[in-house]
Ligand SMILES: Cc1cc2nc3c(=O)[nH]c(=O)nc-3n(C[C@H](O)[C@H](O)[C@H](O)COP(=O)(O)OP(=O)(O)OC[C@H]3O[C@@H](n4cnc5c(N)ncnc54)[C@H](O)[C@@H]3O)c2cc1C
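In structure tokens, one chain follows: the form predicted alone.
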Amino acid sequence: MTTPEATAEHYDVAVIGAGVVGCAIARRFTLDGARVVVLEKAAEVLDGASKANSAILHTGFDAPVGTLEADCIRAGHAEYREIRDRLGLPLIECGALVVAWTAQEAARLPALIETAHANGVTDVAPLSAAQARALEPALGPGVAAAFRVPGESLIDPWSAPHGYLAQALLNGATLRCEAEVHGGVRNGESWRLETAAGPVSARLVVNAAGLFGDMVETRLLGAATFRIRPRKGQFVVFDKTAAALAGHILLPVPTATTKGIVVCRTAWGNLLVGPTAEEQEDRTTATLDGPTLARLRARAEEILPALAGHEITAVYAGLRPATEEKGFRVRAEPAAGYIAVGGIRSTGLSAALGLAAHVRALWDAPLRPIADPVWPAMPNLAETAERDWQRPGNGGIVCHCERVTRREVEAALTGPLAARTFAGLKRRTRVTMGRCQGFGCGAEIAGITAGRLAVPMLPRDGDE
């Protein structure tokens, strides 16, 4: 990780924002031969919209036909499948059931299947209520009809972007955290960006600042062409004992504004319910509220009645960077050396690699791709493959709920993409994210990380 510099170091491309989309864009430009810097305002990567999502790799079956979003999801889905073995990224190919619970919802299924076919997802199959129940015996009463989407899958929402950025860094890119962009000036062929970590010069600026994309655009161009309207999503996580209740990702019939409440397993063996879709003005705080979480649980127990006998181990909320329009807000200004990548909502995880390829194509500067790039091997945290606790020499298990070893924690604290905050360490290892939420291992983790995080777990002597 580069330390701030007093003078402006020059790059080909400055990517503003280290969320999943920014990480994928940095990887694409780096592999294509550009000298890249990633500028992140937070102390840690994936600290904005990308820190909370439903961890589904979508096919794009229900995306608006003919849109950039549909194209990028399709391309991103394909590239993830192409590169995941080389990066060591998990893929749980469970498929999804889109379930109609009323006659009115059932009447909309044929149109959704037509949309899937138009989006190139031709293997969807309509199901009667009895056929859906045969595939998912734990479904509650009231199923009217369904269809199956075989290509919908579960992934680790954090190891993927960590892998994208790690590959960029190992092949020459630079990451600067705590580097909020305060402004910039275009001088001839280059930008000079003023950041909290010092000045940066770049030929091209890619604004992938997520929840702050419109503010960054205003700081650089004087005005923004879109407005971020944060959309909060609250989630409930059931204990691992509940995961066996759902083999497929259980999707509702989507509405014009949201994909609705999803019930699915996670790559780590839990059962997830959410998200809600709540508009708010606050761009940084996603609060939880009891009545909404209670409604989520109640809806989950209508979908899978046996959930009533299982415990909830965690709840969380995230913010999606929605805008005044539904589609992605991607725009290039070649003369200004500027590309905006805004309005990337819940499909960003699936579309990230496709968006990266699209953004690269918007910049016609000649580059020489790296002939033999380095491929990092990301640590596996998914329950569907061998974990580190099953291998010798791991230093012992530190977090027994999630079976995280000392070796995994130590590895996450080293290297070009070392964890800089406790939240970052959790996303890299899952320590303290199990049913005890750190009660059993918090003190040991604090000891291991002492003096090694930019933001310590425990206050230091002299801290207020």
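Treat the numbers as computed from the prediction; the structure is a model and nothing was measured. The first residue of the shown sequence is 1; numbering continues from there.
The same protein also exists as the form predicted together with the named molecule; that form is not shown, yet it is the one meant from here on.
Run the site superposition, bring the named molecule over from its position in the model of the complex, and let me know if the shown form is open or blocked under the 3-atom, 2.4 Å backbone or C-beta criterion. This form leaves the site blocked.
Quick check on this chain: which one of Ala209, Val98, Ala168, Ala356 has a heavy atom within 4.5 Å of the named molecule in the model of the complex? That would be Ala209.
Please tell me whether any heavy atom belonging to Gly348 falls inside 4.5 Å of a heavy atom of the named molecule, as the geometry stands in the model of the complex. Yes, Gly348 is a contact residue.
Is Val20 close enough to touch the named molecule in the model of the complex, meaning at least one heavy atom pair within 4.5 Å? Although the named molecule is absent here, Val20 would touch it in the model of the complex, with heavy atoms inside 4.5 Å.
Whether Thr421 contacts the named molecule in the model of the complex should be assessed with a 4.5 Å heavy atom distance threshold; does it? No.
Answer for Phe235 alone: is it within 4.5 Å of the named molecule in the model of the complex, judged on heavy atom distances? Phe235: yes, in contact with the named molecule in the model of the complex.
If we take heavy atoms and a 4.5 Å cut-off, which stretch out of 143-151, 364-372, 129-137, 212-220 is in contact with the named molecule in the model of the complex? After filtering at 4.5 Å, what remains is 212-220.
Can you name the residues of 51-70 that have a heavy atom within 4.5 Å of the named molecule in the model of the complex? Result: Ala52, Asn53, Ser54, Ala55, Ile56, His58.
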